[in-house]
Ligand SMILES: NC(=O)c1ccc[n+]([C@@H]2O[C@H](COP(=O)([O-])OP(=O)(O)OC[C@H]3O[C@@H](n4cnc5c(N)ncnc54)[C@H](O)[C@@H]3O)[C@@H](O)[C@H]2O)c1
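Next up: just one chain, as structure tokens, the form predicted alone.
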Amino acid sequence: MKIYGVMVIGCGYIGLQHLEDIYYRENIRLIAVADTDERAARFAARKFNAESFGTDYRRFLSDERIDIVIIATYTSSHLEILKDCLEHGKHVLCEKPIAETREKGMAFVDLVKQSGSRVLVAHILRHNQTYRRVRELIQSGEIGELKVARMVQNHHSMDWERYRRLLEDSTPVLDCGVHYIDVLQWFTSSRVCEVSGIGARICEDSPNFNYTLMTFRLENGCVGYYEAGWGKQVAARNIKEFIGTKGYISLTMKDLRFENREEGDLITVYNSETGEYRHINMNVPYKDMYGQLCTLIDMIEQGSPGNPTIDEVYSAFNVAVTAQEAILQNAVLQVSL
């Protein structure tokens, strides 16, 4: 079994989630952690037993013991860090979204395609077993032809400064929306072709719209919406509902269940022809960071294309950027494919 040397860049919220799930694995050796905040880097190194830490990731890139770099920084830094990592022959797991503009997103994809290193973008829901089961149910025709998708991911953001920094790079429809656009296209094997939406700046000190709602139409005729709002004034909501010609599927994450949370996530399947409900419990981790990392390792060892592929990543990113443009312009826009 090969042991992979890993460096994590970014020791904030998402970086710590990566570290929590990977540092103790038998095939992982945590060589270094880096963050522009020295205290954050030192804390992560001590907590997860990293061999080194520092404020400048570049000084570690010449270390031949490092095989994989996890980029868990703010969106606007992804392209520059990716370029540095690939120039040093490192494989990369990069958090989404890949960039804050379409131009930088295209440059990101070009770098990946030109490199001999393997790069996986962290669309973590692809590696969530609950979402995989929902996909199987939809694709097997359990609810007939999918006609409507309703998706809400609102955050009651008590740590407003963290969200305010995220909003400097993008609106929620881009930052979080890439996840659910990717999920939708993955579930349906169809592309979003048209988007529109609305937005509002709920918090006066928000650098961008911190409430966004996009509507969409897929090439297969399915329609729906995705809502994402961040702020102290916003109530936390999580709705995932998929309506077809023979019924619907709804997903309730375990933390939102009124009872039986010990059973995990709850998938409810309603058959409109029989009037019967079926309940499926999925006691699995929400963010399987190690499973995601194992996908990158399979790309390295077996040459697999990744999940999602870089083309699927760009497709979801392009839809999200177009939706953000539609909201800012108050327009209905076609998505270039």
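Bear in mind that the values here come from a model prediction, so they are computed numbers and not experimental data. Residue positions are given as counts along the sequence shown, with the first one as 1.
The same protein has a further form, the form predicted in complex with the ligand, not shown here; the description that follows concerns it.
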Q | Location of the ligand contact in the predicted complex, chosen stretch of 120-128, 101-109, 216-224, 191-199 [non-hydrogen atom, 4.5 Å] | A | 120-128
Q | Contact of Lys147 with the ligand in the predicted complex (heavy atom, 4.5 Å) | A | no
(Q) Just checking whether Ala228 would be counted as a contact of the ligand in the predicted complex - the rule being heavy atoms within 4.5 angstroms. (A) no
(Q) My question is simply whether Ile22 lines the interface with the ligand in the predicted complex - judged by any non-hydrogen atom within 4.5 Å. (A) no
Q: Consider Cys11 of the chain shown here, and say whether it contacts the ligand in the predicted complex, taking contact as heavy atoms within 4.5 Å.
A: yes
(Q) Within 4.5 Å, heavy atoms only, which of Ser115, Ser157, Gln185, Thr75 is in contact with the ligand in the predicted complex? (A) Thr75
Q: Name the residue from Lys287, Arg65, Arg59, Arg42 that puts a heavy atom within 4.5 Å of the ligand in the predicted complex.
A: Lys287
Q) Though the partner is not shown here, which residues of 96-122 have a heavy atom within 4.5 Å of the ligand in the predicted complex? A) Lys96, Pro97, Ala122
